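One chain comes next, on its own, written as structure tokens: the form predicted on its own.
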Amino acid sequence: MYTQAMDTQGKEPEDKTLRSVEERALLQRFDANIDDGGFIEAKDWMPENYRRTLVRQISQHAHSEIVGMLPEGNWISRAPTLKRKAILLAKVQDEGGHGLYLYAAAETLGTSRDELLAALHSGKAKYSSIFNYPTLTWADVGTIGWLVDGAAIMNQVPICRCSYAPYARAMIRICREESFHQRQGFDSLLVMMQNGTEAQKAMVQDAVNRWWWPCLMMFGPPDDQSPNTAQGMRWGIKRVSNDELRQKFVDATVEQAKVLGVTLPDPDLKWNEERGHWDFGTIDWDEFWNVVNGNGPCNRERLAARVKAWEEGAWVREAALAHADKQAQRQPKAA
């Protein structure tokens, strides 16, 4: 899902830096550690391209969590029951927490949170394309839980083994919570499909029809069009390729759709006995790149909401800094 950052902002420039003898030794030690399946900590030496790739991926992941609060947050005041409202409040709060974990992980690489957010607000940094689609009905909330969070889990579980240890550690808790979100979304849809009116069932099918293809795009472009996947996998930042993750998601979701009683909107979807996988239709990559480049249904709305929140929250940040300064002044000076 959030490793779209590897593919949507161009190919990382090749590192042609002339290195000293000491740097070459450090690079050899780094490569050996990666080859052995080891982890890199924040204070360890690392190549500059490795650092830049991580900042780009982790920051995009963090931005996606924060922007991802908006489509569902839009429905908190309109949830159909108190129970569903409480569940949705908890989920949106979880997403905010995920963003904070990830911004903290990115900061360990030497980039401040202010820099990360400035890049988002200026449009320089990206977030997942999926969050630029509107939530038109209550069924969209359940469908996001089932499909969007399901795709997120498929992508994020391998990141728990990312070679950069602070990122990997953050992902362990995030994946546990995302797994709960996926089950909650599935349960919400199942209730509507089993106990709902015909209009509610039609609402669920309509939501699935609209979200299915954008969810398949979440994994990023095909492997042969992914400029940074090979290097990302070489460094252990990315563990599974885009196409492998997408296929795994389709295989799992087809069976879940049968339980729900919904139809996936792909006439080419059929079981391939020889491959042992489900074949699926052609993805509209023109739509994907159009959304990535800022021309999706909600791109401007989402970015404007984040900029507005940042500007209106300035007084909170200023007050927190003033309080911290006052507390520091009260501390006794060291002898």
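Residues carry their position along the shown sequence, with the first being 1. Just so you know, these numbers come straight off a predicted model, no measurement behind them.
The form predicted together with a small molecule is left out here; the points below concern that form.
Participant: So, in the predicted complex, is Phe30 in contact with the small molecule at a 4.5 angstroms heavy atom limit?
Facilitator: Judged by the heavy-atom cut-off of 4.5 Å, Phe30 is well away from the small molecule in the predicted complex.
Participant: Answer for Phe288 alone: is it within 4.5 Å of the small molecule in the predicted complex, judged on heavy atom distances?
Facilitator: Yes - in the predicted complex, heavy atoms of Phe288 and the small molecule come within 4.5 Å of each other.
Participant: Does any part of Val148 reach within 4.5 Å of the small molecule in the predicted complex? Heavy atoms only, please.
Facilitator: Output for Val148 is yes: heavy atoms within 4.5 Å of the small molecule.
Participant: Contact with the small molecule in the predicted complex for Pro221, defined as at least one heavy atom pair within 4.5 Å: yes or no?
Facilitator: Yes.
Participant: Just give me the single entry in Asn242, Ser188, Thr253, Ser163 that has a non-hydrogen atom within 4.5 angstroms of the small molecule in the predicted complex.
Facilitator: In short, Asn242.
Participant: Only one of Trp211, Tyr167, Phe249, Tyr103 comes within 4.5 Å of the small molecule in the predicted complex by heavy atoms, so just point that one out.
Facilitator: Selected option: Tyr167.
Participant: Just one of 120-128, 104-112, 77-85, 189-197 has heavy atoms within 4.5 Å of the small molecule in the predicted complex; which?
Facilitator: Only one stretch passes the 4.5 Å heavy-atom test: 120-128.
Participant: Are all three residues Gly97, Thr135 and Ala305 in contact with the small molecule in the predicted complex, where contact means a non-hydrogen atom within 4.5 Å?
Facilitator: Not a single listed residue reaches the small molecule in the predicted complex, so no.
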